[in-house]
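Shown below, as structure tokens, is a lone chain in the form predicted on its own; questions about how it binds or moves come after it.
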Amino acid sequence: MDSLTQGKTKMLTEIEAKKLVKKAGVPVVDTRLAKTAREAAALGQEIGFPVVMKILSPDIIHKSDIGGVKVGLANKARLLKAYGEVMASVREKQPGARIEGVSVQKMAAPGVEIIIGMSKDPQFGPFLMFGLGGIWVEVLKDVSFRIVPVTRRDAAEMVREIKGFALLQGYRGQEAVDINIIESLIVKVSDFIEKNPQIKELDINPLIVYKDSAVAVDARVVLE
């Protein structure tokens, strides 16, 4: 933990947050830092198109809201154009933000998006949240909660409590996802939170789940 956060602000960058999430045992999409347009283009070719590019700043929480995210970049020319658009948009909408560069990552295959989050209650301490991820968590607020530590039985209950559970089971011909993987990841995050009390907030969103695997494509971590 110290090696990741020493000298940093309380809000970790996406790349730092993903390193932490990976330490918790959650699979994470390969995400790399580019400080220039040229570096971003080289990473795109190395990782393999299509890629996703996001602004990297400890001062920006909601990257999409200020034009700081570009998805489905299919080639070098589109990536270079997107880099310029991202930088221009961020400078216009949040001019005081410290910009460390951009993150470049492989575009993940579509699946069911979920969220595993953690916050701290002044009285009860850390608690975990589970629900449908992406924009759905904000629109539907279809989530379940448990106080840490979370057991495997707790995790199973959390998953089945949400109204969107049918989507995980394979709704209207959609492929069902591996519920066991979700339960296992909830327990792993709970264990990690218990061992690292300096974590104040954590959001893995979206965490994309499939029939036999899962991968986190974004993460946010705030330290005490």
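Position 1 is the first residue in the sequence shown; the rest follow in order. Keep in mind that this is a model prediction, so the values were computed, not measured.
Although it is not shown, the form predicted in complex with a small molecule is what the next lines describe.
Trainee: Report yes if any heavy atom of Gln169 sits within 4.5 Å of a heavy atom of the small molecule in the model of the complex; otherwise report no.
Mentor: Result no; Gln169 lies far from the small molecule in the model of the complex.
Trainee: Within a 4.5 Å heavy atom cut-off, is Ile181 in contact with the small molecule in the model of the complex?
Mentor: The answer is no: Ile181 has no heavy atom within 4.5 Å of the small molecule.
Trainee: Answer with yes or no whether Ser144 is in contact with the small molecule in the model of the complex, where contact means some heavy atom within 4.5 Å.
Mentor: Taking the distances in the model of the complex, the answer for Ser144 is no, it never comes within 4.5 Å of the small molecule.
Trainee: Is Gln45 close to the small molecule in the model of the complex, meaning a heavy atom pair under 4.5 Å apart or at it?
Mentor: Contact check for Gln45: no, nothing within 4.5 Å of the small molecule in the model of the complex.
Trainee: Arg32, Ser57 and Ala97: each with a heavy atom within 4.5 Å of the small molecule in the model of the complex?
Mentor: No.
Trainee: To verify the annotation, which of these, Leu80, Met107, Met87, Ile135, has a non-hydrogen atom within 4.5 Å of the small molecule in the model of the complex?
Mentor: After the contact test, the surviving option is Met107.
Trainee: By the heavy atom within 4.5 Å rule, which residue out of Val177, Ile199, Val187, Val52 makes contact with the small molecule in the model of the complex?
Mentor: After the contact test, the surviving option is Val52.
Trainee: Only one of 67-75, 124-132, 88-96, 146-154 gets a heavy atom within 4.5 Å of the small molecule in the model of the complex; which is it?
Mentor: It is 67-75 that comes within 4.5 Å of the partner.
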